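What follows is a single chain, given as structure tokens, in the form predicted on its own.
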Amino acid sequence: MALFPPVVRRVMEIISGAGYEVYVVGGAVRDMLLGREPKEYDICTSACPVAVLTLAAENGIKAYKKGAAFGVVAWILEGQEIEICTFRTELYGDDAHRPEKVEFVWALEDDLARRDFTVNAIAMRPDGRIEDPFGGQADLKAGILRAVGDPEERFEEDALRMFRACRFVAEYGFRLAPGTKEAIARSLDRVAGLSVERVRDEIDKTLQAEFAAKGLELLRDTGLLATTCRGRVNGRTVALPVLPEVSRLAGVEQNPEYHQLDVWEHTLRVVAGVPSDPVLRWAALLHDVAKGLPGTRCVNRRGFPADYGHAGRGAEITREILERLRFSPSFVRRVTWLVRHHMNHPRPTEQAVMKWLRRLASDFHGRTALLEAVEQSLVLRKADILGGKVDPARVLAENERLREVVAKVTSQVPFYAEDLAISGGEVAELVGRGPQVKQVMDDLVVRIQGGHLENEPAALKEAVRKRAWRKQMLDAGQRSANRG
């Protein structure tokens, strides 16, 4: 069985055939050793960028400089882009985004020494032989994530590596080596030089990973959530908080009559309890973000902590957080909506569900978006119930019954004009074109929801004809009165 895909083998054959060293490095080797399918293959070589470009031209391969300053050349073969990087070292200054200086080196070990973690500093020759000068294979077997060499130097070089450490823990279930973890705490000031977009992307990947709770706990425990990064606001570069609103949830107690865990431990369970979907994972992370805050936290009549109205205030905080992190407006709206409504569910009766859905329908432009949001709300509610609630069985059963009633009601009743068994054009033929068409269709929706009309073409057309006739009679009466 071939080690590498045909395109990767072809690249390596050309470079090695010209007398240069060539290796697959980094994440591809890590994933292969773990029995996972690599997402991409990075290649490093002793050939300088000019030589790599020359080899491409000699073999009729399209190529371009992807990062000339960093010694990266891309080859395009069979529609695939393969990055080829010359052995190099990097020197960083105040800018946490990019190195101040890149120097090409002629030894593989020098190149691997600049990489972030030992599990990513493993190289594989074309014949499958492994080069592992920093013990990455042993760390892989032990499930340990360890920085290459001096961890403070690695984080000094690129501060984003601290967030990447948490992401790898979340993706692979690694344990962070104690020395590497301690170095993060000593390097937090470097986060200030990172862009908010890069920080957001790493947290987003952490949140969607298989072991998201482990990664989130590491983000909080190391202090990364409480740091600030940088972003552009009104044309100026300003300091932006990462996620202090989430960091503070640790140790916030809840009413023991309903909850077994504090807010942070509960939040981690809810995150783990929803599918790996960005909307659901962010909603799970932020659904209780307002708990414990002054103005929300109080003591109830039984002397237990309570957080009345935390969903509404949490939605406001959620919007602020997601906008600060530069998420898209549509993403912000949906996550905020889920946080706002995560405590708002009706009894599982058709009448109650009908009223609930009619109220929610105005938040969306059509049936597809409404049903998707309602389903997400029920998924989030289930995870919320299972995330440390006392005696969850009854509410879980109610949630499943609610899902059944929602499915029944939405299959039988329209909530938008588009759901009607009559088109706007057909209505316009009967009442004339203009704003009255929408008014008529909206009225039909309400009448069907109230059980006064069937959503059937003949019945709807007859109802519109009667409405048009009554309008004509009223108009005629008004004209007659005006003449008199």
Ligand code: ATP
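The first residue of the sequence shown is number 1, and the count goes up from there. Predicted model only: the values in this text are computed from it and were never measured.
Just so you know, the form predicted together with the ligand exists too; it's not on screen, but the next bit is about it.
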| query | finding |
| --- | --- |
| All of Gly27, Asp116 and Arg167 within 4.5 Å of the ligand in the predicted bound form, heavy atom check | yes |
| Stretch in contact in the predicted bound form with the ligand, which is absent here, among 53-61, 39-47, 439-447, 422-430 (heavy atoms within 4.5 Å) | 39-47 |
| Arg334, heavy atom within 4.5 angstroms of the ligand in the predicted bound form | no |
| Ser187: touches the ligand in the predicted bound form, heavy atom cutoff 4.5 angstroms | no |
| Asp132, heavy atom within 4.5 angstroms of the ligand in the predicted bound form | no |
| is_contact(Arg146, the ligand) in the predicted bound form, heavy atom dist at most 4.5 Å | no |
| The unique member of His342, Arg161, Lys291, Arg281 whose heavy atoms fall within 4.5 Å of the ligand in the predicted bound form | Arg161 |
| Listed residue (Ser247, Gln376, Asn120, Gln254) with a non-hydrogen atom within 4.5 angstroms of the ligand in the predicted bound form | Asn120 |
